[in-house]
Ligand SMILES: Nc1nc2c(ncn2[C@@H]2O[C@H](COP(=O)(O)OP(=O)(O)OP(=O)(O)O)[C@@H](O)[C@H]2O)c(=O)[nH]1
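Quick setup: one chain, the form predicted on its own, written in structure tokens, and binding and motion questions come after.
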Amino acid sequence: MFESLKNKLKNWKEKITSVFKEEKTEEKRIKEKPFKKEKKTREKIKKEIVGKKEIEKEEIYIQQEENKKEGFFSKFFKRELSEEKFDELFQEFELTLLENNVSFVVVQKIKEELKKEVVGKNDYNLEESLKRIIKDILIEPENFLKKIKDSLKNKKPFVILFLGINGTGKTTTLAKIAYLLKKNNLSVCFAAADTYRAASIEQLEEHAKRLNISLIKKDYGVDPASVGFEAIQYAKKNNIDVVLIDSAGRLNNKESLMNELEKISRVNNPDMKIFVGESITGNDSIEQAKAFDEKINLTGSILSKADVDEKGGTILSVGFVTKKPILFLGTGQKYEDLEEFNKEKVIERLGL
């Protein structure tokens, strides 16, 4: 996961470290005074070589101990960094971020905050600064299960609407959430409100059978908002905790379809509205999440296929662009392949 961005980030860090090491070596060379050569006896040279080796061993040991205490950058970043030098060094990193699906607005945010942290300072740790900035960009979600259980003390059922475009794994993700809820002793029913896509109802019906969950469905072509409404009434009558509404996938630039989704949300008044997008589609998922959020005010997102995402930029960007958290990452096709979002894990996977 995130291997491409992780490796490029590592290369960038090594390059900067190398640049500063070379500059420091050059400064030291210029400052050193010239010395006169003198003739040395064979014995004197031998003693000097032996002494030099002992000194080098000691210096290596001291350096190793210092490395344990200091971050990757700390050894060389003890000097003032000008704005011009920063811009020069950041340029390559900016391209790396953009190539790895990090949204432009997020790249600019990283640059702006990093510049504040290091420019004009003579004692700083660039790696720690970068880690802190990315941590602030990522939004930590509320405890998903706790939020549902707390809500159920006052109102039943808890209603979750799933939305997104076709092909992102929306229905499978809904089934994964159902599995998680059942595992935590919550009863669930499905609303098959995708009444347009061929075989969509049958797909959800298969998940319902496997998970032993009630399914509320109607014929294809009926008003999807009515399916959600009937599922909620069924849940109230049968004392079911959570209703999961599966809506039809729709393109975010189709106004009529987006208006229909808005109607589903208005009629059923869900407690959560979750966008399901693919981690690997980069800026497409970011723009889709933004459009859906502007239309119906998302609660958060779930990103599928995170296990095969080499770049990681979508995960860094979706939350920042929508100002809503990523709730889970899909990491496979099994019901249990759903990982609760944790920004510390994301930062660790990026090698920071």
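Here the structure is a predicted model, which means the values were calculated and not measured. Numbering starts at 1 and runs along the sequence shown.
Just so it is clear, the following notes concern the form predicted together with the named molecule, a form of the same protein that is not shown.
Residue contact with the named molecule in the predicted bound form: E287 places no heavy atom within 4.5 Å of it. The named molecule is not drawn, but in the predicted bound form it has a heavy atom within 4.5 Å of Q333. Among heavy atoms of K183, none comes within 4.5 Å of the named molecule in the predicted bound form. For N166, a non-hydrogen atom is located within 4.5 Å of the named molecule in the predicted bound form, even though that partner is not displayed. Screening N100, T171, N268, S103 for any heavy atom within 4.5 Å of the named molecule in the predicted bound form leaves a single hit, T171. Though the named molecule is absent from this view, in the predicted bound form it lies within 4.5 Å of a heavy atom of just one residue from K121, K146, R197, K135, which is R197. The stretch in contact with the named molecule in the predicted bound form, judged by heavy atoms within 4.5 Å, is 197-205, chosen from 255-263, 127-135, 197-205, 227-235. Against the named molecule in the predicted bound form, the set K176, S304 and D307 is in full contact: each member has a heavy atom within 4.5 Å.
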